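Read the single chain below, which is given as structure tokens and is the form predicted on its own.
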Amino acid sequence: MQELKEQIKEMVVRDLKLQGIEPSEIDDNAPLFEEGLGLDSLDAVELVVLVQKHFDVQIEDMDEGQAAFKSINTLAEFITASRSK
């Protein structure tokens, strides 16, 4: 699970082009949106595409996305659960 979290952090920083943030600086429990990393709705759309591309996991709707994108931990748990289906 820790390796998956590292992969997610690297993907977020690299593919969303976050400036001044290293993957290792992202807290696993920190919110990805608003006061956390400060991602916005456009980033959310891009994250849906990135998760499908990198992890072959489909996010079906906005409710599922909101739950999955709360933090690195919730996203890793979502990916792990989706892969085991």
Partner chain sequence: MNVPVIVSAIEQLPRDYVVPDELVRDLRRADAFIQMAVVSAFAAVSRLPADKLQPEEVGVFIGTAFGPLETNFESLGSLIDDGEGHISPTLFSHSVYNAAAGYVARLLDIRGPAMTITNYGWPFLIAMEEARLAVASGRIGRAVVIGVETYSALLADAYRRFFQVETVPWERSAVAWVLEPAGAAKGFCRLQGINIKEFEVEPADLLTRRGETLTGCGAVSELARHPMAYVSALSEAVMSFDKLPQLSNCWSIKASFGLAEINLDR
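Numbering follows the first chain given and starts at 1. Just so we're clear, the structure is a prediction, and the values are computed from it rather than from any experiment.
The same protein has a further form, the form predicted in complex with its partner chain, not shown here; the description that follows concerns it.
- The three residues Met1, Glu3 and Met11 each lack any heavy atom within 4.5 Å of its partner chain in the predicted bound form.
- Interface membership of Asn29, defined by any non-hydrogen atom within 4.5 Å of its partner chain in the predicted bound form, is ruled out.
- Using a 4.5 angstroms threshold between heavy atoms, Gln19 counts as touching its partner chain in the predicted bound form.
- Interface residues of 49-82, taken as those with a heavy atom within 4.5 Å of its partner chain in the predicted bound form (partner not displayed): Val49, Gln52, Lys53, Gln58, in sequence order.
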